[in-house]
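A lone chain, given as structure tokens: the form predicted on its own.
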Amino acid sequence: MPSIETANLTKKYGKLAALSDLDLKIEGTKCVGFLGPNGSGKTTTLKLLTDLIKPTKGEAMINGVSIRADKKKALESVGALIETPEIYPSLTPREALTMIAEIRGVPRSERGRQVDEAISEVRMEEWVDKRVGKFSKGMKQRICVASALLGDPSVILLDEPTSGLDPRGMSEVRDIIKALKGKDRLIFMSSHLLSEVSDVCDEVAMVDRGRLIVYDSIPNVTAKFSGGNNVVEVGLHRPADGDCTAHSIGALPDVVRVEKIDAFNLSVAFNGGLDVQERLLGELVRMGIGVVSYRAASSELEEVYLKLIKDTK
């Protein structure tokens, strides 16, 4: 089971604490959003997890192996995209990724297959032999994500992967990250975008001023800090049957409120955490109302985020 663990992880620059006593343990195959304002310690944490910088004190471990004690073993199962890497514009994706695979020690006999698989995962097959210099920023970022997949890592670290992209590029990269979740990987993704974390991630760790505020599933976080009610947005394949549908859903156990966002989307508030959310999804599907999407409402996460960040100031 892939894992990331930090214990008292601290990084200081003189008197400035970029990260303070971070204790965080993440296990399993899922996507965890690392959420916080700019300057909160997100990139510092990812750099410590990849040994790009050294901690002032504390320990970081990947898959149970200490990065400080055995960096090579700890990082051999890690793929990372930190800050904004660049690819030589004169290279094609195939050439660039083959070079990266060689640097990472991928056997020659495996390089072609791994490059093809990584290109396929980021949906860039038709561009694999075109010069990177002609790509949009979003296309370049997709190739950078592909580079993090070489070596078949079990842990993937992404530092604000949609930063600086236009809406289309952001949507494309987010869809790719969601697809990566189905490959038995632990994805740890920093972001300052609440809607992105709510859309892509299963769990969230919030950090501010170098300190961890909370780590839990998104439904549990919103339920705990938003007055006890959690909210999910339910997308439908066909228009909801007006008041009848709302009344039927409102009669389900633990449901507090049902609101119609538009003809194809409902907002459902309920008491409880993940266990209740799981049961509620099953009940909605059994109702036969055409459920095609089901996710925590980003507005609820925003409410919690603003409350917790405000409380730390």
Partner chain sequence: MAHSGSGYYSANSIPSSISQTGITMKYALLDYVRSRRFFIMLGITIMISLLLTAIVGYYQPATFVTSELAFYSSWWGSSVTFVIILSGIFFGGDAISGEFQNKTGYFSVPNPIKRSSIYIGKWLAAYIASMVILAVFTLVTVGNGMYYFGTVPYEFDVSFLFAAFYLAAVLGFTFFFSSLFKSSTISILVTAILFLFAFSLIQQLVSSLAQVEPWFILTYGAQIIGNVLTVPYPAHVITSNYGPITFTAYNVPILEGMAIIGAYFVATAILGLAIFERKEFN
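Given the structure is predicted, the values throughout are model-derived calculations rather than measurements. Residue numbers count along the first chain shown, from 1. Between two forms, the rigid core is defined as the largest C-alpha subset superposing within 1.5 Å.
The following text describes the form predicted together with its partner chain, which does not appear among the structures shown.
Using a 4.5 angstroms limit between non-hydrogen atoms, K72 touches its partner chain in the predicted bound form.
In the predicted bound form, its partner chain sits beyond 4.5 Å of every heavy atom of L306.
Looking at R131, you'd find a heavy atom of it within 4.5 angstroms of its partner chain in the predicted bound form.
Although the partner is absent here, R286 lies well away from its partner chain in the predicted bound form, with no heavy atom inside 4.5 Å. Only one of L274, L52, I261, L281 comes within 4.5 Å of its partner chain in the predicted bound form through a heavy atom, and that residue is L52. Contact with its partner chain in the predicted bound form, judged by any heavy atom within 4.5 Å, is made by just one of S147, S198, N220, T162: S147. Only one listed stretch (31-39, 247-255, 60-68, 261-269) carries heavy atoms within 4.5 Å of its partner chain in the predicted bound form, and that stretch is 60-68. Residues of 150-168 lying near its partner chain in the predicted bound form, listed in sequence order, are G151, D152, P153, S154, the criterion being any heavy atom within 4.5 Å. After superposing the rigid core, the Cα of S190 is displaced by less than 2 Å between the shown form and the other one. In a rigid-core overlay of the protein, I119 has its C-alpha displaced by at least 2 Å between the shown form and the other one. When two forms of a protein are overlaid on their rigid core, residues whose CA moves 2 Å or more are considered shifted, and K130 is one of them between the shown form and the other one.
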